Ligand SMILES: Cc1ncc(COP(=O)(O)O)c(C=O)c1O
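Here we start with a single chain on its own, the form predicted on its own, put down as structure tokens.
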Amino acid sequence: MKLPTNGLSKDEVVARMEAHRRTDADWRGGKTFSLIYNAGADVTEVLDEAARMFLHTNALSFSAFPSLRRFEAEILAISADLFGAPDAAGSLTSGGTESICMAVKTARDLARAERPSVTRPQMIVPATIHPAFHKAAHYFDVQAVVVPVGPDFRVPPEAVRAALTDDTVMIVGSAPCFPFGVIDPIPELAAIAAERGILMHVDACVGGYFLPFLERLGEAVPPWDFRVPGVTSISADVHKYGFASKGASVVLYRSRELRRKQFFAYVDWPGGLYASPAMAGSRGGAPIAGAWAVLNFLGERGFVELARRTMATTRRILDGVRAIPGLSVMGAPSMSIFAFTSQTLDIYGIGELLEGGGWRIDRQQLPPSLHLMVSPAHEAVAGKFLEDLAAAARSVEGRPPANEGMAAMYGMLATLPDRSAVSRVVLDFLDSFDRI
């Protein structure tokens, strides 16, 4: 495709975009169980207005846009208070991956400064940890030492202790882990980190803006935040259960001194001093303004009410899944994300049938399962989803796994013994993105 010689009219551009998005996931109708966290039309309207007002701003220069500096500072202050340490310091990032990368870089740079004997820093991570930690390990030359999880899908503290070496600079746990929605034993992991004088990072990208409000509802939430001694940093996505627009995340540190290891500064550029708190230089103001807007629009009572509705819907769906012969929920989810599997039914085939009905759900592997992230918007469609799920389960009874389509692809990837072959398949898929 070439750049058009003559530009299209505004109406033509909009019409083409409308046509292209007709095949996108139906998140407004509640049929998407991943990627989008839909809190309702009123929140969407606030986000749309915030984006419109600050679409053309740039947080690279707070002197030019002091409003963005105020928004960011207040987002961080609110988050620090929610996570149990009002004096914590942090940065706003573009998403969980950047927040995680910053935490890993900070651990590496702290080790460089204080432990020169560490030449190849290591971090201990559960097998369920988000792949962004492996990306960060690749980018920053840190070895990710993977510890298998137990039957409850939580990482065993004794296995983490056994994996420690003189090169370990950080232990990581999830609150909760993405695949199964369970919270790792954070107090035990943090105690091990404190004993060794190393950092303890909690990946709360999914749960950070949900778990505090569950606690306010009187739900039993395992300890996970800065109230746990030894926890030194937390990543949490405002654009997940904070219901902000993409991309807005925070990474917070227990002390300002620790946060300084995240920063980058270069003073010898002819263009002037250059400094940035995280990976990005230029940063669009719309996600920052949106995050600030939604936190202030909903307030504590709004978030508590959304958490109440979401958990009521989650429990309805969990009960419905458990009632379908052949399906079982994996582990004991702590919040509104979970996976379910089957020992007797083609689980990927079920996923294929659901997707054919317009539902957008994630497939998982090792073991094969389907994954749901419940939002307030699912309150209105939970009954229809369970009807379609039950029908799909009946449809695959007694039949072998699908031999074509997405279900077949996931089945192949899950069973290939050579994981490098899986990686090549995925990379080939990514390499095809520029061929329309």
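Remember, it's a predicted structure, so these values are computed and weren't measured experimentally. When you see a residue number, it is the position in the sequence shown, counting from 1.
One more form of this protein exists, namely the form predicted together with the named molecule; it is left out here, but the text below deals with it.
Of the candidate stretches 214-222, 115-123, 96-104, 71-79, only 96-104 contains residues with a heavy atom within 4.5 Å of the named molecule in the predicted complex. This chain appears without its partner; in the predicted complex, the one residue of Arg363, Arg283, His239, Arg154 with a heavy atom within 4.5 Å of the named molecule is His239. Between the options Ile350, Cys205, Ala291, Leu199, the residue in contact with the named molecule in the predicted complex by a heavy atom within 4.5 angstroms is Cys205. Not displayed here, the named molecule is approached by Pro176 to within 4.5 Å at the level of heavy atoms in the predicted complex.
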